[in-house]
Structures are given as structure tokens and as C-alpha cells.
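A single chain, nothing else alongside it, follows as C-alpha cells in the form predicted on its own.
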Amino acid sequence: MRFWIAATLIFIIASLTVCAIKANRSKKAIRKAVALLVCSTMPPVMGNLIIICSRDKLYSQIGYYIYFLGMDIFMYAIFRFTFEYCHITKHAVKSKRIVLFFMMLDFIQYIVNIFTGHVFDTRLIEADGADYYQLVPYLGQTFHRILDYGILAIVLIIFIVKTIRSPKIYAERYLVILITMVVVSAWETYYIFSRTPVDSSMIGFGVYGILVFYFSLYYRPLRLLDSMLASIASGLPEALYFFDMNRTCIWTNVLGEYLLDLKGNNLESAKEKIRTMFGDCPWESDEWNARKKVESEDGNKYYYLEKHGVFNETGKRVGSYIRVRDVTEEQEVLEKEKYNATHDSLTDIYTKKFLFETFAEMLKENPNIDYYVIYSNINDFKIVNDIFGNQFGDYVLKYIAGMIQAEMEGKGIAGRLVGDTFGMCIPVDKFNEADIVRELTHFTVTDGDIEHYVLMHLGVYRVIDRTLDVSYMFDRARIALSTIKDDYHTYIAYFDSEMREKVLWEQKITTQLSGALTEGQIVPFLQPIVDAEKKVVGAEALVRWNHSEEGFLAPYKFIPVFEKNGMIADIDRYMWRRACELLYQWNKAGIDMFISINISPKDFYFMDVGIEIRNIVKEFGINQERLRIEITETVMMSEQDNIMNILNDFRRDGFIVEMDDFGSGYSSLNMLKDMPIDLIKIDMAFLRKSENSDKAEIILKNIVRLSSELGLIALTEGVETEEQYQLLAGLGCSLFQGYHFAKPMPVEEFEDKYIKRRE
């Protein structure tokens, strides 16, 4: 008997050692408490093993000391473990300190027992045919037992309360440890009161340590998990259907029953009802998903179906399940977002982007249908807003959009391009010009007491080149519209061959500009500027294009094109550099002349004009006063503060700033007081329109006088006769420019006439 108990205890000690190592390596928060409990189980078991195996009184007493002191350590460890395992934080630290205090007292009395013998002694008896030293307890041993049983009672009470108060699905993790403690305590109590020689209850202590290790760190409460998973699955906002190996439905949640109306838990019919409700799906496959639309009395419903296989730990298929989620709200939100992204928020017709995309698809899908692209706008729509307010203006836009949409119904598509412009795409055979003109001839919009005649124009482009980008098609329709913009009797204009040739011409010279600049086809012409004595003091640099195919192109043929597309900035930058090169060469020859360069309003949008010009001047090292900056009044019409700052910077750096076409705009006199300029160029052309020469002379005289009083230089351009020159000179004008003196000429001719002659 003693042999088998000893062998069992050795096995338990080995098992506890393994558990202690694994517990210490665990990553769970409770690992330290578990490791301490498992380790503290070994001393009493080891002490009991020594007692059982010993034939000597001294060894037996050593075993008893290890046994009892180990029990103290074990009781403290189980007390600490209980507080952490049961998640008790209130008074935890204080309680542990009290228990530790009494344990230390018990520890001390066992040490004193070596000298006093007041705790225990041993006596020799025979057990299983061999000597055995049995415990003889005294008063100190009673204190030890009261202390240990008191701590055990507290631990048992905590576990009992925790087991009772916890939900049934959680009680299992506490109940197993509680039952084990009760059994071990009863076993130990029986040993004490039965006076059985050999203490076999230590086997229970070892088993208890192993169970604590397992339940704390590795045990997964399957009943708890099953209950939780079933509860979660039943409460999910989607229908679930589980199928066995034979694809027979074996379980569904409440939502699944409701969706298929599975009365009386008739699960066998679930599979067929799913097929009937959702139609075609790869039902025999274990992995698939699908989005289905189901028509019902309450309207269309949308569902997302998903099927997956279920496999065991070896990878063998054991069943499958289908998830069905109602995505009607998501689909409605998605469709609403898509609608908002493709429809104008005010007029509820297509956006420009979606109109272009849709028409591009129409062209691909209908290669044999001829289409018109229509660009339409409201003439002087700004006046509508100014007179009647934005609310009526919005009403007009919505009314017209509704009218267009009704006209396009079943024929074509329409969208709002920007502001008061609309775009339409319609087959040629469905476009009825007569009906549209009749509709637009007396087109009025009425809202309450407000009634307003609205003039609309349509530009029409017939799609010939279907590979052309849709945006270019609308550009051509817009070009057609621009030809009747101010016509109050013509409502529709078609893009014709003349417009087409113009567009092709613009495209052609646009692509050729870069090469023309590189090859020197773009050249400066200089028109002399003379003083009151007719002495040439400078020149204005004017751009000319010596085209390789067309010959010399007049500026009006290409400048407006590049003004429109912004490439004028490349030309101007080139002209500034050429002007600086000429000034550099003249300066080396000792020629004191200036050159005026033109700055386009578009230049300010495509580059930093100030930095560009300063860098070129710095590169050639010329005097800033020799390069004059010439702007038009229209430059000041946008971003006025920014332009003012740039011009002020020019003047501070020593440049002379000139304003061209003075008097041709409506705000020149109003802005003159604030504009940072040094010279005004007076255009004779606006004065020739007057039939009264006396008035013309008065205007000229006052402009010259005004410029003088403001400290500005007056330069009159467009002088064509000696009479005009004498008149202007007599009025006090300082500088002159015009055909009377010389036309714009190539640089070589200018230098032959005015530079070399001086030399």
C-alpha cells in the first residue's frame, strides 16, 4: 500500500512540475497565481512522500516539517488564487496581508518547535509490515489546523457564492474547482480524525493542483460556448440555415424561420423554400455568394446570400450553412448615392460628367444611329437673378430642365453642363427643329405673380467623327451657339463646314506652336516710337508668325486662338526674351533705346509674370528702364489687388509701366487714380468715331493735360497724318506711334534704318 501511494505521489510531483513550467510560460493574466498554486502543492506532497518512504525518525520529522510548512504556503497560494480567479478586488490586498501575517506566525512556531516540542512529535508504529513514524499532535498543531481550515472555509464560501450568483453557463468553471476542494478537504479531514497511519489525501491535493492548472489556463467551457454561440446566432440580424452532410437543414435561427415561414419547425422544407424565393444559385457548391432582388407586396427587397462549408479539425466536410442578409436599406442608400452622383442636385437631370459618359456608351452600343449633340443656354440669365432674385432664377433652371427632360423622354438624354447651360444628345431623326423653334419663340416662365420671357439658343453638332471625345463634340455645338448669341430672332445654329475649318485651323496651329518657337517662325516686329522732334527713341515689340506653309500670318489670325487656350503665355515669354536679347546687343553698341513688351491678361494665370521678366532681365544684365511693361486695361478687370501689387513691384524695381488702349474701356478714368503706371497710350481710333473735330481736340487736349498733371507720360498711337502729329505735338503730347512714322517691321529693317544710321 505504502509503495503504491509513494509511486502515485512521485507521478503527481512530476506532473505538477510540468504544469508549473507551462503555467509560467502562459500569456494569461492569471498565470502567476496559477504557477504559485501549482508550485505550492508540491512541498506538502513531497513532505508526505518522505514520511511514507522513511524508516528513520529524523527523516520522518523532516518530512512532517516540509509537509506542514508547505501547507501554509499552499493555503496562502490558494487564497491568492481565489481572489484573482473569482475577480475579487475589494479588500484583496488587505486580506492577503492578514493571511500572510498568520502564516508567518505559524511558520515561526514550527521553527520554535525544534526546541520546545509544543507543536508535534512522532512515535514509532508498524504500517504495512514496516516501521512508520506516526504524527503526535499538540496544542501548536491545533493552531495550525484551525488556521488552515479557517482559510479553506473562506475560500469555499467565496467559490460557493460565486457559483450561486453566476449564470448557469458560467457556473461550471467555479463548480468543478469547488467540488474538488470539498472532496480533498473531506479526504484530509477523514485522515486526521480516523488516525489512519498513512496520509493518502495528498493524492487529492496533487490532483487539485493539476485541475486548477487546467481549468484556469486551458479549459474551454463548451457548454458555455455552445450556449453563447446559439444565443449570438439566434440574435444576429440575418437568417442562418445549417445543413448536414446530406444538405438537409438541421437548424435555423428565429429570423430564418420568419423569412421562409417555417411553421412547426418544419426544417426539411427550408432548402426548397430558399430555392423558390431566391431562384438561380449554385446550390450544390459549398462556397458562393449572390445578391438577389425579390419582389413583394411591400415593394422590392434586396438580399445578400452567402454559403460556406463547415469542416472538422481534420479538414473533412461535415456540413454547410447559408447566411441571408436583408440589404434593402443598403441598396436604397447605394442607389440614392449613385443617383446623387449622376444627377444635378438642383435640376434633377444628369450631371455633365454622367451625361458625357452615358453618351459615349450610347455611341458604342448604337453604331448605326446618327446623333445630334446640342449645347443650350439662357441668354442674359444673370439679369434674371439680378431682377427677380436667385429663388426665381433657380425656379427657371428647374422649369427648363423639366421641359428638356420631357422633350428627351424616350428619345435621348439631357444634363446640366454648368450654370445656365444644358446639354442634350438625341438621334437625328427624332430632332424636330420646327417644334423647338415654335416652343422657344414665345417661351415664358411663370411663378406666381412673376412672368418672364426667356430667350434660349441652341447650338447643334451632328456627330460625324464618333472617335472624337464627347467634350469636343459639345465644344463644337457651343461654337455653333456662339454665332447667334446676340440674335433675338434665331434660336438654333448648326456647326457647319466653315466652323469646322476654323476648329481644324485652331487645332492645327496649336499643335504647330511649339515647333514654330523652336524653329524661329515666331518673330518680333518692331514699330518705332518717336518723340516730339520725330526722333526714334524706342519701339514696341509686336509678334508675327512666318508660317512655313501659310507665309506671314496676321496677329488677328492666331493671337485670339492662343489667348483662348492659354498658350499665349509661351509666345509672350518668347517675345520677352527676344526683346531682352535686342536690348543687350544695342547696349553693347551704345544705342540708348527702349522696347515695350506686351503682357496678356492670361499670362498672370499661367506663370509668375514678375519672376519670369526679372529673371530674363537679370540673365542679360540690361537696365530695367529699357524694357517697358505694357498692359491693357482688361488686365485690371480681374484679381485687381494682385495685379496692382505686381505692377507696383515692377515700378519699384525701375521698370516703366505703360497702359495700352487708354479710353477704350469704360473704367479707365475711374481706375486711373489708383493704377501704378508711368505712361498712358492714347488710341486715336476711338476719337475718329466722332464727327465733331472740335470735340475730339478738346478730349485729346484734356487727356494730355490730365496725364501731365498726374505725372504720367502721354503716348498717342495710331497717328497716320502729319496734321494729326502737329495737333498732338501742339497739345503737349510727348511720344508718338503710328503709320505716319513707320509700320511694324522686321528687326533687321528696324536696325538698318535706326540703329546703323546712328552708328
Ligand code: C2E
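Keep in mind the model is a prediction, meaning the values are calculated, not measured. In case it trips you up, residue 1 is the first one in the sequence shown, and so on.
Below, we turn to the form predicted together with this ligand, even though it does not appear here.
- With the partner omitted from this view, the residue of Ile450, Ile369, Met607, Ile559 that lies near this ligand in the model of the complex is Ile559 [heavy atom within 4.5 Å].
- Note on the partner interface in the model of the complex: the residue among Met473, Ile599, Cys425, Leu627 having a heavy atom within 4.5 angstroms of this ligand is Ile599.
- In the model of the complex, this ligand sits within 4.5 Å of a heavy atom of Gly718.
- In the model of the complex, this ligand lies farther than 4.5 Å from every heavy atom of Glu658.
- Taking non-hydrogen atoms only, Leu542 approaches this ligand to within 4.5 angstroms in the model of the complex.
- For the chain shown alone, Ile568 is a contact residue for this ligand in the model of the complex, at least one non-hydrogen atom being within 4.5 angstroms.
- Comment: 551 to 559 is the region of 105 to 113, 298 to 306, 473 to 481, 551 to 559 lying near this ligand in the model of the complex, near meaning a non-hydrogen atom within 4.5 Å.
- No residue in the set Ala532, Pro746 and Glu749 has a non-hydrogen atom no more than 4.5 Å from this ligand in the model of the complex.
- For the stretch 420 to 458, the set of residues having any non-hydrogen atom within 4.5 angstroms of this ligand in the model of the complex is empty.
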